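In the block that follows, a single chain appears as structure tokens, in the form predicted on its own.
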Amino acid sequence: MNPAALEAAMPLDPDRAAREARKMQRSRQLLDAAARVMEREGSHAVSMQAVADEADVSVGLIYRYFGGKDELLLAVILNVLEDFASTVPAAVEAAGDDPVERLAAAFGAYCRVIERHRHATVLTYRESKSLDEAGRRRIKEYEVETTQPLVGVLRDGIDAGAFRPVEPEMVAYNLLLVAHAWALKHWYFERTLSFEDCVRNQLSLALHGLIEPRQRRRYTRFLEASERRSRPSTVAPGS
């Protein structure tokens, strides 16, 4: 067994595990603070001192984790994609074998990652162009990877006859854009919908176009959300 494999197989020392947990927690704290400040001010206008002030830490501590502002910006964006990469496949696996259940789980997982990283999601749209070519290429490649679980669910659903014969890659990206909408238009949606209501309604709208018509009765509970909201009120004016 090589040294790396041997180390991975050995029980983790409790003190080392605690140090690693603290390191991860501190890293998340810094990334969240950077996302908030950069969203407000723009990455070019933000100093490392401003991020330190937002996180309530010293500038020196930030430089222990990140080499500079560009590295910090890239880390903020990659942190969202890493959450996709770990959260979405786990949700799909836990959903069982039914393709619609799996799609609902995947979409819900994407949305919940967006909710956890709303500031970073907005920052991705606004500031990723300021990264160098290598950074932009890395983000694009990672983004394609994180859509693959959803693409796979769609392909399986088409093969099983649950979904219409759509283009899986295009639909996967459409669903990802819909998930991003919660971060981009949060100020609007939250006036009338909770986060969970928004997820259910967006999923219902998508499934109306995806599920084979002969299968719709089987999945009524997924399709009802948008139908309930689309029915006109029967309450008389002034009552």
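By rigid core we mean the largest C-alpha set that fits within 1.5 Å across both forms. Throughout, we count residues from 1 along the sequence that is shown. Bear in mind the structure is a predicted one, so any value in this text is a computation, not a measurement.
Beyond the structure shown, there is the form predicted in complex with the DNA, which is absent from this document and is the topic of what follows.
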Item to complete: Tell me whether 46, 63 and 68, taken together, all sit within 4.5 Å of the DNA in the predicted bound form, counting heavy atoms only.
Response: yes
Fill in: Contact label in the predicted bound form: residue 59 to the DNA, heavy atom within 4.5 Å
yes
Discussion item. Quick check on residue 26: any heavy atom within 4.5 Å of the DNA in the predicted bound form?
Written reply: yes
Worksheet item: in the predicted bound form, which of 203-211, 51-59, 175-183, 188-196 comes within 4.5 Å of the DNA (heavy atoms)?
Response: 51-59
Discussion item. Is residue 196 displaced by at least 2 Å at its C-alpha between this form and the one not shown when the rigid core is overlaid?
Written reply: no
